[in-house]
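To begin, one chain is listed below as C-alpha cells, in the form predicted alone.
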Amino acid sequence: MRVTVLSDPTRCTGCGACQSICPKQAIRMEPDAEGFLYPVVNSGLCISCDRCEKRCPSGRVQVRPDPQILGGQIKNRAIRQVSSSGGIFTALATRTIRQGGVVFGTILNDSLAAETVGIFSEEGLSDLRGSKYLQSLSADAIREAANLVHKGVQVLFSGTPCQVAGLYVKLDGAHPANLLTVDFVCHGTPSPGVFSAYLKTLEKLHGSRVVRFSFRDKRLGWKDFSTVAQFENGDTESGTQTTDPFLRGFLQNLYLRPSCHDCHLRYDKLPADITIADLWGADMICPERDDDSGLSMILVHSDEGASYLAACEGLDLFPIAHADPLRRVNPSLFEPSRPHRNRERFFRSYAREGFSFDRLNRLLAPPGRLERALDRLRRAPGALARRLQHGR
C-alpha cells in the first residue's frame, strides 16, 4: 500500500490534484519540516488504483504556440489601486459573475492561511484581489470547480500554473467551453509554515494578533509596493521589498518550495487560457502609460481566452510586439528561480529557532571576501574541465 504519491518528493508541487482525484479520499495534505504541504496516503483506505501517481501533473509539459502579448489596465482607478498591478483579473472575474458564474481564487482566511475558494458575487471579489505570496490550499477548490463545470456552470479558475494543471487533471485533460483558466507568472511559492512563524514573530513584537495582511499595498506606488500588517490592537506595521523580512526572503528565493526551482511551466508552456502579471519595464515599453498606478502584462494562450478578454468591459489594452524586452525585466516568465545559496542554512536555523529577523538578515547579506574565494575554489574544477574540453 502507498504512503505517499511520488517517490521523489522534490517533484511535488503541492497542487492538490492527487487529493481531489482519489476515489477513496485516502490522501490528505500535511506540512513537512520546512512547512510545505505534501500528500500523505492513508494506507488503510488506499486501494492501490495508482490514479494519484499516474495522473500527477508534475513534470508534464505541453509546448504551445507563442502567446499573444498585451499590456493593459482596468480604467477604474479605484479598482486599480486595490489590485496588484492593472486590475485585469477583476475585469475577467466580473464578467464571469455577471454571467451567473463562479470565480475561484485565493483568499487569506481567518487564520491568515492562503486558501482557494469559489466566489459567487461581485462584492466577494475584493477578497480575491491582490497577490498572496503563498501557495494556497486548493484540493477542495479543484474538486468543486470540476463539479460545477460538469453541471454546466460558467467557471473562472485562477491559481498558480501548477494548480491550473491540477484542475485539468481532475477534468481528464478536457477543456470545456464553460471554463476559463487564469494563471500568473510565478516566481515560486514560499513556505506557508515560514509565513506563519513570521506572523508569530510580529505578534510578539506588538503584543497583539495580526488580523489582516497585505503583500502588495500601493501606498508608496505600484513599483515600490509595501507589505502591511494590521493588528487587533489597532497597530500597523509596513515594509517594502528592501525592509520587510518575509518579502526580502521570498524575493531572494531563501525559502521557496523545492519543486519551484525546477518548474518548466513558463512562457509557451503555461497551461491556462490567460496569464497575467505585472508589466515590469513599463517605463521603457510604454512610458506614456506608466503613471505608477499599475499596468498588467497579459499572455493570451487560447482562442477562448482571447474572446473572453475582448468581451470584458472597462479595459484599456494595447499590443506588445514581442517578448524580448520582457526577458530582462521579468525573468520568471522564462525560467525558474534559483535557490538562494543559504537556503539549507536558513531551514536548519528555522528548525531550531523559528523565524529570526537577525538570522535572516545575516543570511541575506552579500557574501564576504572569504566566502567568494571559497566559492571560486568550489567552482574551479568545473571551470578547468570546460577549458580543457574546448582546448583553451
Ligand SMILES: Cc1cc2nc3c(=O)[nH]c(=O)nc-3n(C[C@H](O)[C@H](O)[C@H](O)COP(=O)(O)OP(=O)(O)OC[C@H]3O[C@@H](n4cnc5c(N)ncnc54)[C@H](O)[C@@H]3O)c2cc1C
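Just so it is clear, the model here is predicted, and its values are computed rather than measured. All residue numbers are counted from 1 along the displayed sequence.
Just so you know, the form predicted together with this ligand exists too; it's not on screen, but the next bit is about it.
Relative to this ligand in the predicted complex, residues Gly130, Ser136 and Thr189 are all within 4.5 Å by at least one heavy atom. Distance criterion of 4.5 Å from any heavy atom to this ligand in the predicted complex singles out Ala277 from the list Leu270, Val102, Ala277, Ala146. Checking Arg95, Arg248, His206, Arg216 against this ligand in the predicted complex, a heavy atom within 4.5 Å turns up for just one residue: Arg216. Only one listed stretch (304-312, 192-200, 227-235, 152-160) carries heavy atoms within 4.5 Å of this ligand in the predicted complex, and that stretch is 152-160.
Of the heavy atoms in Thr181, none are within 4.5 Å of this ligand in the predicted complex. Although the partner is absent from this view, Tyr168 stays clear of this ligand in the predicted complex, with no non-hydrogen atom inside 4.5 angstroms. Residue contact check for Gln68: none of its heavy atoms lie within 4.5 Å of this ligand in the predicted complex. A residue is said to contact a partner when one of its heavy atoms sits within 4.5 Å of a partner heavy atom; Tyr255 fails this definition for this ligand in the predicted complex, lying far away.
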